[in-house]
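One chain follows as structure tokens, the form predicted alone.
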């Protein structure tokens, strides 16, 4: 075997790659985030073809591919459809562990929103429980302008 075709030992290098980036919310998501920030309002968007209401909103319907532009104001309360309890902390997490993420279907919406649960015993979370939003004192046009959802009264 020639020198060029002999197998080489694997090379391992430890390190970190930092990839700074910017995210543009776009016109539809920007309107949703600005309503959260300025008015504590949760907006959905309805497809005029198939009547689906999306939260968070999107420009194109996933079912019929129709362009959506009919805005709907929702109460903000909803139902837990699924959840997971996070028991370890990472720098990218929005809060220290343990905490819970839930898939929440807002009343009046046909899609679900993933968000944090708070003010709750993590062992008592149940699929089907009613929840309501708790808004941040300092809002910045971010999904975290809703700090978390708590059990509804």
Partner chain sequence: MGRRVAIVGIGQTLHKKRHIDRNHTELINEAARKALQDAEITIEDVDAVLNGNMDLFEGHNLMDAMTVEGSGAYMKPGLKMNTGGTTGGTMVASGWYHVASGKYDVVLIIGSEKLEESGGNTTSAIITCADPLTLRPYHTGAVGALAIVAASYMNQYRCGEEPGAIVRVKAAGNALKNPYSHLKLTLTVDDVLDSAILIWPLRLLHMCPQSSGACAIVLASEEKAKKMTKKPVWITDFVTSHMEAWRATFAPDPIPSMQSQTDSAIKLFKRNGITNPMKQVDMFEMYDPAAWAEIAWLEDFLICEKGEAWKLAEKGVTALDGAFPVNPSGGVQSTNPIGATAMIRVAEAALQIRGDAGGHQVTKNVNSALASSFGGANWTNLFLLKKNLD
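Positions refer to the first chain, counted from 1. Given the structure is predicted, the values throughout are model-derived calculations rather than measurements. In this text, rigid core is short for the largest set of C-alphas that superpose within 1.5 Å between two forms.
There is another form of the same protein, the form predicted in complex with its partner chain; it is not shown, and what comes next is about it.
- Of the residues given (41, 31, 49, 93), 93 alone sits with a heavy atom within 4.5 Å of its partner chain in the model of the complex.
- Shown alone here, residue 129 lies farther than 4.5 Å from its partner chain in the model of the complex, counting heavy atoms only.
- Put simply, residue 73 is far from its partner chain in the model of the complex: not one heavy atom of it is within 4.5 Å.
- Taking the partner from elsewhere, residue 37 is found to have every heavy atom lying beyond 4.5 Å of its partner chain in the model of the complex.
- Heavy atoms of residue 56 reach within 4.5 Å of its partner chain in the model of the complex, making it an interface residue.
- Looking at 95-131, the residues that come within 4.5 Å of its partner chain in the model of the complex, counting any heavy atom, are 101, 103, 105, 110, 111, 112, 113, 114, 115, 116.
- Annotation: Cα of residue 14 displaced by at least 2 Å between this form and the one not shown, core superposition.
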